[in-house]
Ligand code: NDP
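Shown next as structure tokens: one chain only, the form predicted on its own.
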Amino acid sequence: MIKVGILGYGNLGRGVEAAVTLSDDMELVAIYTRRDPSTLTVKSNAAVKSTADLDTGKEDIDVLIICAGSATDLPEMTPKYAALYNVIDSFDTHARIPEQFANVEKASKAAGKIGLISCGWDPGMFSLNRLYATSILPKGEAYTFWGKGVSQGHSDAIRRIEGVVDARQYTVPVPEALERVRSGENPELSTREKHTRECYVVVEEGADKARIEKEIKEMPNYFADYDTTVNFISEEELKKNHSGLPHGGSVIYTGETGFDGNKHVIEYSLNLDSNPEFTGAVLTAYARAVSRLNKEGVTGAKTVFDIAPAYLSPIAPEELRAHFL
């Protein structure tokens, strides 16, 4: 049995909890929290423990799945715990992935552990499909569209702004851009031309809404490059109309082969009822791979590009070859 620990028990942590519980080859040993463990009620039979227990480096786990935000938590947490355990995160600030990788590489290599970063569906599953398509059709163009759906990372970034109580951020593809790509036109599209961002924000009484809106719209790596709409609403309205966490999107690649320029379109799409539950399922599959690879002596920082697909599955290699190949 692969012994798993979860750090963080928000939406993503609960998604991982469900995925690990459904995996017959895994045992959820503990859920670790920065809060008082006695105040946390979980759905599984896992122990609830403090991050202070993790900090000892002596917890009996094969892999730690870190379920926290990319804005401030993961840049600190993942390198810290990669020096103690095999870890995996869903770091999704694309512009800072090289920096995150370098920091985790240093910590995990020195400890003889694996630190898998930026795992989920984008980055993650979408990244793999971009790589496959580009490798197969080198003469072509990749387009990624997200949504319409709630971005957990962007919502978390808004919630960290002073005066914000809660928030939901929807990423919305621009329909005209999507149609142009699917038609094989191969248009040159700026970030702003591909998506818009819609924010629904609950603020503290008396909060400076103008300042909060300005901070959201000018936030680098999150909103500065997009047409962003900020809607201030009540907490009741947020719970009534924006409590779900759907998401999805598409990777569309258009390319050519042969001397006559035959055109091909590759599309990989996701339509998710629950973004955190699906992301949690991806993290859980890759946690299996991390545990296996480390037992084979592999160390250092990794991404989904570095993991062979067979390591994700609990099914024996001969069964995979017989029934899935």
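Basically, rigid core = biggest C-alpha set you can superpose within 1.5 Å across the two forms. For every residue, the number given is its place in the sequence shown, counted from 1. Keep in mind it's a predicted model, so treat the numbers as computed, not measured.
The next section is about a form of this same protein that is not shown, the form predicted in complex with this ligand.
K.L.:
Select, from the options 137 to 145, 226 to 234, 199 to 207, 115 to 123, the stretch whose residues sit within 4.5 angstroms of this ligand in the predicted bound form by heavy atom distance.
P.N.:
Comparing against this ligand in the predicted bound form, the contact stretch is 115 to 123.
K.L.:
Please pick, from M26, A281, V29, A68, the one residue with any non-hydrogen atom lying within 4.5 angstroms of this ligand in the predicted bound form.
P.N.:
Exactly one residue meets the criterion: A68.
K.L.:
Within 4.5 Å, heavy atoms only, which of K43, K263, K58, R35 is in contact with this ligand in the predicted bound form?
P.N.:
By the 4.5 Å heavy-atom cutoff, the listed residue in contact is R35.
K.L.:
Would S90 show up as a contact with this ligand in the predicted bound form if we use heavy atoms at 4.5 Å?
P.N.:
Yes, S90 is a contact residue.
K.L.:
So in the predicted bound form, does N11 come within 4.5 Å of this ligand, heavy atom to heavy atom?
P.N.:
Yes, contact at 4.5 Å.
K.L.:
Might Q152 be said to contact this ligand in the predicted bound form, defining contact as any heavy atom within 4.5 Å?
P.N.:
Residue-level check for Q152: yes, a contact with this ligand.
K.L.:
Contact between S291 and this ligand in the predicted bound form at 4.5 Å, heavy atoms?
P.N.:
Taking the distances in the predicted bound form, the answer for S291 is no, it never comes within 4.5 Å of this ligand.
K.L.:
Using the core for the fit, does the CA position of K109 change by 2 Å or more between this form and the one not shown?
P.N.:
Moves: no, less than 2 Å.
K.L.:
Spell out whether the Cα of S250 moves at least 2 Å between this form and the one not shown when the two forms are superposed on their rigid core.
P.N.:
S250 C-alpha, core-superposed: shift of less than 2 Å.
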